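There is one chain below, alone, in structure tokens, taken in the form predicted on its own.
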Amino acid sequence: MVSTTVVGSYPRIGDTSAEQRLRRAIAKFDERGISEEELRTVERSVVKEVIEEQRAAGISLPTDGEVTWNDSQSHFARHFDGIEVDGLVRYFDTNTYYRQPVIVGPIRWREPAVLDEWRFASSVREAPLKAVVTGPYTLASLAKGDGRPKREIVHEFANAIAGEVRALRAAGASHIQVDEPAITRNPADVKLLADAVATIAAERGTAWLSLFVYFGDVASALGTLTSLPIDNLGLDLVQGERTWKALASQGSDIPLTLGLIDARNTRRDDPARAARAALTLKGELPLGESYVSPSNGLEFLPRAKAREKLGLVAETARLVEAGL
């Protein structure tokens, strides 16, 4: 059965007054007009809403939308020793920014970053809900270093993220995804990433582990990525156009998450066309055990467009399954 999922992030703010409530709550919190507990209450109401929008659209493996994350870097770095958080830096080639982690000493996991968030989100959905963590290669690539070799920094971040995965697994998380967009900028570093993923995989227990790479292609690194100790590999097949040819020639022994729906363009995708493209890979990979998803997180789109994209993901998956 071809399933559906999302990559992780989702717009927290929409056009309606109700969908603006988190923005108002954050402004009041910054002005000390409401307590942190009151802000959390609003955040959790948005998490519930985001999960329901995914369920209603037919997404079988949702996330919490990363509603409580300020960004994908500092959200984890704040919970690690050896890191300080600095000013805003542009996040890849997007119109968003992240607070840059600055390495000031040995990096160690101190406490969970997403465990409480995952527990709450899971409590409002009976079916599995995917936990998402930022990968060690991306954390190392986007941080300001302290002069040590990158290999050493990636290794320390890998041990820290392994601690996060261990905590999630112990709490009952059955599906965990590691995000590694930075590898698309330098696929030659795939051996660094592979070593880091092996460190994380050693802590996942029986949990399903996925690696998702996006914002570009990984054609030259595909063979290494599909041989990692993971259960699923997620690929951006919109910006990663060259990855299509690599998949057609090399295939994959593990199921994939096919990022077929453009998460960075408001234009309406054609599900029939996306499904036909996916079906060209029939016989080259376990397509019936794979997922269809957006190409990356949906946070870069207006909320109404993100909802539309969810429906397009579900429609594409139905068409792929019908053609198997």
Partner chain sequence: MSLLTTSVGSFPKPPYLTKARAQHSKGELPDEGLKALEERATREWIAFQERIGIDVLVDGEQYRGDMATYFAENLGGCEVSGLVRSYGNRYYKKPVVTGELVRAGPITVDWWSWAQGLTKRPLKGMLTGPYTMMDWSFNEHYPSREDLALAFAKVLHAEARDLQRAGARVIQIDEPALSARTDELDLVVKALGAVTQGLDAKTITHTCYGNYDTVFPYFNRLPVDQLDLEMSNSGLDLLERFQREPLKKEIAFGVIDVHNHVVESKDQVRRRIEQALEIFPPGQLYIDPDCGLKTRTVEEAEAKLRVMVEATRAVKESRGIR
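What you see is a predicted model; the values in this text were computed from it and never measured. Residue numbers count along the first chain shown, from 1.
The discussion below concerns the form predicted together with the partner chain, not included here.
- Taking 99, 119, 151, 245 one by one, only a single residue has any non-hydrogen atom within 4.5 Å of the partner chain in the model of the complex, and it is 99.
- Not one of 128, 224 and 281 is positioned with any heavy atom within 4.5 Å of the partner chain in the model of the complex.
- The partner chain in the model of the complex is approached by residue 92, whose closest heavy atom lies within 4.5 angstroms of it.
- Among heavy atoms of residue 307, none comes within 4.5 Å of the partner chain in the model of the complex.
- Contact annotation for residue 277: none of its heavy atoms lies within 4.5 Å of the partner chain in the model of the complex.
- Interface membership of residue 264, defined by any non-hydrogen atom within 4.5 Å of the partner chain in the model of the complex, is confirmed.
- Stretch 265-273 is the answer when you ask which of 51-59, 251-259, 265-273, 282-290 has residues with heavy atoms within 4.5 Å of the partner chain in the model of the complex.
- Residues of 24-49 that come within 4.5 Å of the partner chain in the model of the complex, judged by any heavy atom, are 26, 27 in sequence order.
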